[in-house]
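First structure 1, then structure 2: two forms of the same chain, each alone, as structure tokens.
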Structure 1
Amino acid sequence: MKTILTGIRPTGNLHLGHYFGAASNWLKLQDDYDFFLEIADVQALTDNFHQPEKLASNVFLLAVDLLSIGIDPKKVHIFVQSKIPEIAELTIFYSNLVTMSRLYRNPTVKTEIQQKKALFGQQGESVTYGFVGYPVSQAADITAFHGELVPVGEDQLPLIEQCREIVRKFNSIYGETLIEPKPLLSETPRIKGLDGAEKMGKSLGNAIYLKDSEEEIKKKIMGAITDPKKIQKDDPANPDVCMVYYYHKLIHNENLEVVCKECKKGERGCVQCKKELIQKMLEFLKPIQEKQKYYYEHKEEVYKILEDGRKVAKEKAEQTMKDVRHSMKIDY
């Protein structure tokens, strides 16, 4: 059985970007692989070190979300990164195998630094060693479990490439020890935000969360970007530039063809179209939210699942660490 490792940062709840961009794929894969699913609190600290309480509450909420979309803890080892100190140890060893200029060239890190500058102005300028180095720690996440496949959204591809480079370098210096992982993308690997931005992201304020209330869903969808050229209700419009149509498509509205045709012919106003999407979205979220409610009321069950996941993850990471120390000749 091949091993899968993937992760998610406890910086907020799951949103549609996670669900359709990555997690829907996890649901399909969970039957056929030895699956490690990491709640990456240490990575989240790299840009949230000043607000650790945010992560503490989000670890629980995120675990609830994962269970509520159908991740089965009997099949998937869900665990928290900081509970596996071997990952931190590996990170230190790998940090010698990466140059600073290579880290700064990582396209995802570059984009995220730019986003921080845009969001926080001057404050965003001060990028920490930990943040620039998070791809190294992510390489440790993957290799600690000998992850062969890493199912992720498109923004993660440069990080996996960087992990592959680290693995090759490690193996060439210390001897064949680690497995080079391969990324695995879903059919929709980059989900756009409500504002039309290329990525829906927790840190970008443009997301529909799986736990959003009816009020929040209404407000967000009513404010979503539509074709700016459509002024009057009966003007024909281009659904391909409309976020409302985009989400109709995403949640597989069975009337999609009608929505598209009417939109192009000017036979449907944006308000009507948004109201229909709100209804469809609420229907889509209902079963997930029912499960969320169950887990919010059964906290111990959630923490027990995380503890069970930790045990399996710990055992595997300890073995990897032994092999790594042996290869590096530091098992004295």
Structure 2
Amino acid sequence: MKTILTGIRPTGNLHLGHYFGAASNWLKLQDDYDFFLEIADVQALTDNFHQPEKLASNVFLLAVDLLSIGIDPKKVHIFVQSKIPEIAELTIFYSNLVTMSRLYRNPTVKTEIQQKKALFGQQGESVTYGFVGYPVSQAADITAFHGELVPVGEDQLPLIEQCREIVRKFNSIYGETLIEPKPLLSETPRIKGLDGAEKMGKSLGNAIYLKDSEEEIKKKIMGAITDPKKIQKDDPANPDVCMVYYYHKLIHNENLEVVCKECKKGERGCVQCKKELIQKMLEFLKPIQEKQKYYYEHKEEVYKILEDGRKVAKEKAEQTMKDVRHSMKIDY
């Protein structure tokens, strides 16, 4: 079986954007690959180094959500990044192979720096080395486990290409040691927010979380953006510009054809449509939330799964570092 490595930052509970944008794809892949799933707490520190207390609770919340959506610990090695010190060691070695100018040219890094400036008014000089250098750390994440494939969206392709460059440079200097990974493009597009924004995000306040209560879901969906040209209840509308219809499609409402037809003919009011979506959303989330409840009540089981994943990941990373040190002639 080929090896897959993917990671997710522990920034809190998962929302529908995480689920449909990435995690649902992982569920399809877990049967066919040797799958390493990293909870990237060290990478999360690049944004939250001044709030480390958030990480401990977020790691647990994320682990619960991953298990609750169907990630099977018998098929997937779920582990916490900071528990594998070999990744940090490999990051240091790789940092000698990449110039700062190359890191600043990485399109993903450039975009995220611009977003930081827009959100927080930060100047380029205030961005930390850890933030600019996270593609190097990510390359270490992938290669520590001889990751052959990395599930990504198109916006992450520059990071994978940078990893491939590092691998090629390492192998050219020290001899063939590392595997050059390939991206495994996800077919799932970026998930829109309730406000119609192109991205659902925690900081944007436009997300439905897998843990949301019935009252929270009602409030959020009742405030979702619909066709602005529909003024009266019986006015015909365009479902393609309506976020309520978008979410009907997202969770595969079996009544979708009727929803679309009635919307276009003006036979369906927005309130009626939102109430139906609320009911369908609650049905969709119910099995996930039942599992969340179970794992919240069985914390020791969650931590046991993370420990089992750590053992497998540590063994693999130790072997990689043995090979790396031998190639670099520092295995003295």
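If you're wondering where the values come from, they're calculated on a predicted model, not measured in any experiment. Residue 1 is the first residue of structure 1, and the numbers go on in sequence order from there. In this text, the rigid core denotes the largest set of C-alpha atoms whose superposition between the two forms falls within 1.5 Å.
- The chain appears twice here, and it is structure 1 that represents the form predicted together with ligand ATP.
- Residue 81 shows a C-alpha shift below 2 Å between structure 1 and structure 2 [criterion: core-superposed Cα displacement of 2 Å].
- After superposing the rigid core, the C-alpha of residue 157 moves by 2 Å or more between structure 1 and structure 2.
- Here residue 109 counts as shifted, since its C-alpha moves by at least 2 Å between structure 1 and structure 2 after the core is aligned.
- Superposing the rigid core and comparing between structure 1 and structure 2 gives a CA shift of 2.5 Å at residue 205.
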